[in-house]
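Consider the single chain below, provided in structure tokens and representing the form predicted on its own.
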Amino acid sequence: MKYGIVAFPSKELQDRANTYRKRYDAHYALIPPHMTVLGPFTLEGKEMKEAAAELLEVAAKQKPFELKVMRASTFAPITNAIYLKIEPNDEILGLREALSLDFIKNIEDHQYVPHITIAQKMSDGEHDDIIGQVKMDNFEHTETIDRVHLLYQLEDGPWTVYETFTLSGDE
């Protein structure tokens, strides 16, 4: 089974992202707009309940973080995905590192770029047609994220929240 840890932004930012996702994101119906903190991954040597308890303990020690959207960008030519670029900060990177426990085995091995995907799995032509329009849109937005969510993927594709972790900064 696949798992992930994500931060869901405010409804306001989700609504903005969904104006593009409805039309250009093949995963629109599978998961709401989100910033992946960790994943997708599998659990090695732990049951879900036990893993969630350990992740909860780690997450409780982490502080809320600022999610600052700077602009729209693209992963092209690697992949035709368009995303809202989130400014990396010590809290986001520290949270990711703290949650990378030894029983979590990442499925994808690529450099971490905090972002919210708004378009993916498009043809080259489709990507080239909309990237200019998307880049002209002003997506600047800042908010505080005080919780992250452990998700699991159902067999037919959608992702479901298993548990929510509050980032309280308790030592």
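Heads up: residue numbers just count along the shown sequence, starting at 1. Note that this is a predicted model, so its numbers are computed, not measured.
We do not show the form predicted together with a further copy of the same chain, though everything after this point is about it.
The shortest heavy atom separation between residue 114 and a further copy of the same chain in the predicted complex exceeds 4.5 Å. Under a 4.5 angstroms non-hydrogen atom cutoff, a further copy of the same chain in the predicted complex lacks residue 126 among its neighbouring residues. Within 4.5 Å of some heavy atom of a further copy of the same chain in the predicted complex lies at least one heavy atom of residue 146. In the predicted complex, at least one heavy atom of residue 163 sits within 4.5 Å of a further copy of the same chain. Residues placing heavy atoms within 4.5 Å of a further copy of the same chain in the predicted complex fall in a single listed stretch, namely 26-34, out of 102-110, 126-134, 26-34, 66-74. Contact check for 14, 49 and 156: all three have a heavy atom within 4.5 Å of a further copy of the same chain in the predicted complex.
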